[in-house]
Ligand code: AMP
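Next comes just one chain, in structure tokens: the form predicted alone.
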């Protein structure tokens, strides 16, 4: 299953239908039909071919959200290119690694960001590229493709060592998009407010493809801005919003008289890319009258598991396996464990990437008999709902006992005055490791002694944080994941 026939349900069959709006200046919107997007991407495809690009070549982009990212994605699908999205927050060390590893023909970027790109790769300035493409023919050109045709090389966040490039195929994206459109009942009548970065699979594989496959309407912003959120929701009146926990936490700051009308129009709010605290889930329901749907995916696999659209959206869990995915919970001996027993989450299905780019060693380690080992620790309830407890690499072993940080973090986040919390293991001479909690708190409300008392009443002694370290903010990735390796020594 290739992507272009699925895109054509909108690009060709809905050519005259309004598709996209983007803010170009305060109170000014640029609007496009699906037919406009078809022609724009055709012109760009002609230009890219004229510049020598052929099927299988890599082309990177280092851009904030803008229409040219969509042009590049569509043109790449038409020419069989492998698109390499690069996080705009990356700097010299990260950029150098990706450019050298992926070896793209060029990096498409803006004039403002061009100075950050290593000098040993061609840089194509996006405005000049777009202007040159406008003179190209508008008729379509395309090359044959199938489910195994590589579509993107997307680099993991690199929490341990250098980041690896996951080779995602057209079949991976097609399966993922079709499953989500069906599971979440997305239709051409929906309105999707897109604030997630398109360099990440959450905004790209989920948001962009749900939009193109369903033919709904899209409003694209450069990035999420808390100060503008209320205005966006009021003006655009979206029925769909995909976000990360950090976004939903900021949305809790809106007053009830603003939040309630937003919630009444919001058919579906989806959270992913990082664990959603159960406390945030409940507060959002109370404030907006809308129940967040939490799901679980990865760069290497796209979406795996999700709470049901019709059915119980259980706080603290990521739900049930999606229609195309098989899931196992396995112990350290690779044996499947009974329900209620903690283990590593393994997945298998047409959503799983083709492997790591030029890393046969890493590919061999991550796969076992056709199953992808996610590195995430989880437990399945008797009714199938799966709860994640953290990364295998985050596991704290203290005096021979296993400690999963998320259960401690969840309880800390329930305490008054706690805004953010993360728990890590630090070396200890006697126990090997002990847990330490890093918190962002409202100092006028947070009572450390009372929080310690609650933890002592709920958890075994070996799970008690040995120290609370107060911080102004936790270090996070662009998608809201806490970067534990960047926390200061306690």
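Residue numbers count along the first chain shown, from 1. Because the structure is a prediction, the values reported are computed rather than measured.
This next part talks about the form predicted together with the named molecule, which is not shown.
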Checklist entry - So in the predicted complex, are 295, 318 and 397 all sitting within 4.5 Å of the named molecule, heavy atoms only? => result yes
Item to check | Contact assignment for the named molecule in the predicted complex, among 420, 376, 279, 71, heavy atom within 4.5 Å | outcome: 376
Item to check | 104, 272, 85, 355 - the one with a heavy atom within 4.5 Å of the named molecule in the predicted complex | outcome: 272
Checklist entry - Out of the stretches listed (410-418, 385-393, 331-339, 75-83), which one is close to the named molecule in the predicted complex, meaning heavy atoms within 4.5 Å? => result 385-393
Next on the checklist: My question is simply whether residue 402 lines the interface with the named molecule in the predicted complex - judged by any non-hydrogen atom within 4.5 Å.
Outcome noted: yes
Checklist entry - Is there a heavy atom of residue 299 lying 4.5 Å or less from a heavy atom of the named molecule in the predicted complex? => result yes
Next on the checklist: Whether residue 363 contacts the named molecule in the predicted complex should be assessed with a 4.5 Å heavy atom distance threshold; does it?
Outcome noted: no
Checklist entry - Heavy atoms within 4.5 Å of the named molecule in the predicted complex: does residue 130 have any? => result no
Next on the checklist: Using a 4.5 Å cut-off on any heavy atom, which residues of 215-236 would contact the named molecule in the predicted complex?
Outcome noted: none
